[in-house]
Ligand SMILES: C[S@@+](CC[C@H](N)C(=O)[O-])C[C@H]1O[C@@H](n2cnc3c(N)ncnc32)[C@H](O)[C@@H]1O
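Just one chain follows, in the form predicted on its own, and it is written as structure tokens.
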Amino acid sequence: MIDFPEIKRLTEEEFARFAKLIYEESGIYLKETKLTLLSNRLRKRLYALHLDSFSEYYDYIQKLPDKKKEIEALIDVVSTNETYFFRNERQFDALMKHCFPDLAEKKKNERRLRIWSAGCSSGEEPYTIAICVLESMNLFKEWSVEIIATDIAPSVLEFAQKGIYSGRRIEKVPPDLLKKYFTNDPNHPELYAIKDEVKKLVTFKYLNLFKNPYPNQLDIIFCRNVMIYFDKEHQKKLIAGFYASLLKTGYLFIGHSETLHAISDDFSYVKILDSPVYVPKGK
């Protein structure tokens, strides 16, 4: 096999073939401007499989009797998974100060809370949600609480399940919460492990947003900075699925740079504590 750095960039034709395959399998839309990025990401699979060219890798995928595992690996290297705890913290303020009290009152007889972190990446978002639940346990004492965390990239799910973080990932965790919900390794002081009381609230699962069924009977959906990877057609499918999965009292959190304008009329925009939140209408 040739050396890793010697594998040249994708040709425009090769890029088009891979972009089409990735789009069909995941809904992720790659513009031509992503040619260099895709080249760099795909080299990881060529290196792992001891292949010498992108065309050879494409043919390798097509000839597999069962493509599922390799498609997962392909999408895994293509996905961008950079995040951190308490990202866009105003949304978590809205969650704790408005959404939780509202749901605690409306569902006081049922005593069940189901939250979905869709596109959970390496786990910072669902664990942040779990910390918020624990900090609001006066509202949810003796409730059944379930946080479902899903992603299309197996490698980040594996990382998330370990629950060990450092550096920029934990910079925004308030010191009191860091001490309360993380364990610091004295032999590796830069590493912080999520405590079991947080972990037990979260269930991590593989889920392709356009090929697998969604969780249902949900009170809250977090899907932040995920829609930006899809074209309008797939964005509409995604939001329609969220609408079907949310209870009428539910809440949808999307990224600050995202909007449902021209995508869905099934939700109403609500600005809570300067945070964009959507609620289902007409249910």
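Keep in mind that this is a model prediction, so the values were computed, not measured. A residue's number is simply how far along the shown sequence it sits, counting from 1.
Below, we turn to the form predicted in complex with the ligand, even though it does not appear here.
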| query | finding |
| --- | --- |
| is_contact(residue 224, the ligand) in the predicted bound form, heavy atom dist at most 4.5 Å | yes |
| Partner proximity in the predicted bound form: residue 171 to the ligand, non-hydrogen atom cutoff 4.5 Å | no |
| Partner contact for residue 209 in the predicted bound form: the ligand, 4.5 angstroms, heavy atom | yes |
| Contact test in the predicted bound form: residue 163 vs the ligand, heavy atoms, 4.5 Å | no |
| Region of this chain that lies against the ligand in the predicted bound form, out of 191-199, 141-149, 73-81, 106-114 [heavy atom, 4.5 Å] | 73-81 |
